[in-house]
Ligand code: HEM
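Just the one chain here, the form predicted on its own, laid out as structure tokens.
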Amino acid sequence: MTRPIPFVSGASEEHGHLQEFNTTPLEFLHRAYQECGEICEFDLGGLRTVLLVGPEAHEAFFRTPDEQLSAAQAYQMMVPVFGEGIQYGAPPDIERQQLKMQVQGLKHDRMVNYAGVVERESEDFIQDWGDSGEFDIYEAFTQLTLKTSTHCLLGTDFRYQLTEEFSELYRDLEDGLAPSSISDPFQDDERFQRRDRARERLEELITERVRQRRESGGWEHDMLQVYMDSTYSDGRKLTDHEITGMVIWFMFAGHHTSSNTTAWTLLEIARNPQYKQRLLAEIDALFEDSATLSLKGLREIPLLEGFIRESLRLHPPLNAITRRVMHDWSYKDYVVTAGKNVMVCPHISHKLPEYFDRPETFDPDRPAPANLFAEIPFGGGRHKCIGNGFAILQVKAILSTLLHNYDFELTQPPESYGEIMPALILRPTDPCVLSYHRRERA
């Protein structure tokens, strides 16, 4: 016997919960859970959406095949960002082949190269810092990870030709992912017009880079080379439009996760000084046998990994992971009818006390939960974020370099550093300033 899905209170007759979701999405989702429990339904301007909370729901959500719960149909807001024919804008067979191309750029030999690139960028980042100062960690790491991601994606030449225009274009793309884009990704609004103009201009810049490399006959150990060399199963090479889309796809997979997680992790390091001596000893040991970081060494820093993992638990970047119901879908005693969206929210689920002891407490020594689906900062299943390994590599390399050279402290009371989700990515509130002091090592 099926049961009705609880409906969240406060819906308007005309737009349902759309205004509240667009204005304060994270607060709204928490309110929905507190009011209704593990399953509830709300209305985003006519798009009925069912929120599912908890590991059991996550497992059902991620294990259901695309034919029934479609990521592509739910993420149509990404099509104007990536471009038609890329990932969610491509037929399933083409998307699978594109995913394999992305994975080619994340193999061990390339990740080894990326570790060195990120370290060099991090050293350049701090070379003019002097002995002490202050900096806004969100803004700084947004710029730094844009440089590291671009360097690994598009090569050394493009990286050092990088202008302010490129970062502004990328910012316009990200800004186009307003919460309202879930229900209408093609609305006529200046925010979305800027998104579309940015996509067009990025294609011009990346296409020019491809042309230069082809004409020079050069070859580089970067992701752009992977895209230029890849072919589909029918022997066709990627078009310049597709190469641009693949670059943007990978940037979104690795950049926002890296920048936000780096900022949150350094903030939590400063907020939890009781771990400082252990952490610095672990970091310094990385540099004892070599002046440079190695991929192997970055895999053997358990306390820093604990800080990163716990930062992702408390401050997961993406908090509206969504699928479109293509055929009626059953969960326990409930049926979600075709045409609706289903959604999971890591920010809620990562704080369930039955899976996380003292869930609001930051604990870098916290063991992984027994249930595999309790902690989902990168999603799960076939659509788990492809850039998570690259993102974590960046965070480790950046923080190892910074912590080997500087101490960091809060400039404001700990509770004043809050969370905000102006687009679909969770980030620290403005300003988010830390002070730094050069370390004195014996």
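Please read all numbers here as calculations on a predicted model, not as lab measurements. Numbers for residues come from their place in the sequence shown, where the first is 1.
The form predicted together with protoporphyrin IX containing FE exists for this protein as well; it is not shown, and the discussion that follows is about that form.
- Heavy atoms within 4.5 Å of protoporphyrin IX containing FE in the predicted complex are found in exactly one of 254 to 262, 132 to 140, 365 to 373, 299 to 307, that being 254 to 262.
- Although the partner is absent here, residue 63 is not a contact residue: none of its heavy atoms lies within 4.5 angstroms of protoporphyrin IX containing FE in the predicted complex.
- Though the partner is left out of this view, residue 250 does reach within 4.5 Å of protoporphyrin IX containing FE in the predicted complex, counting heavy atoms only.
- Looking at residue 391, you'd find a heavy atom of it within 4.5 angstroms of protoporphyrin IX containing FE in the predicted complex.
- At a distance threshold of 4.5 angstroms between non-hydrogen atoms, residue 318 is in contact with protoporphyrin IX containing FE in the predicted complex.
- Only one of 36, 386, 53, 26 comes within 4.5 Å of protoporphyrin IX containing FE in the predicted complex through a heavy atom, and that residue is 386.
- Of the listed positions (341, 150, 87, 181), a single one reaches within 4.5 angstroms of protoporphyrin IX containing FE by any non-hydrogen atom in the predicted complex, namely 87.
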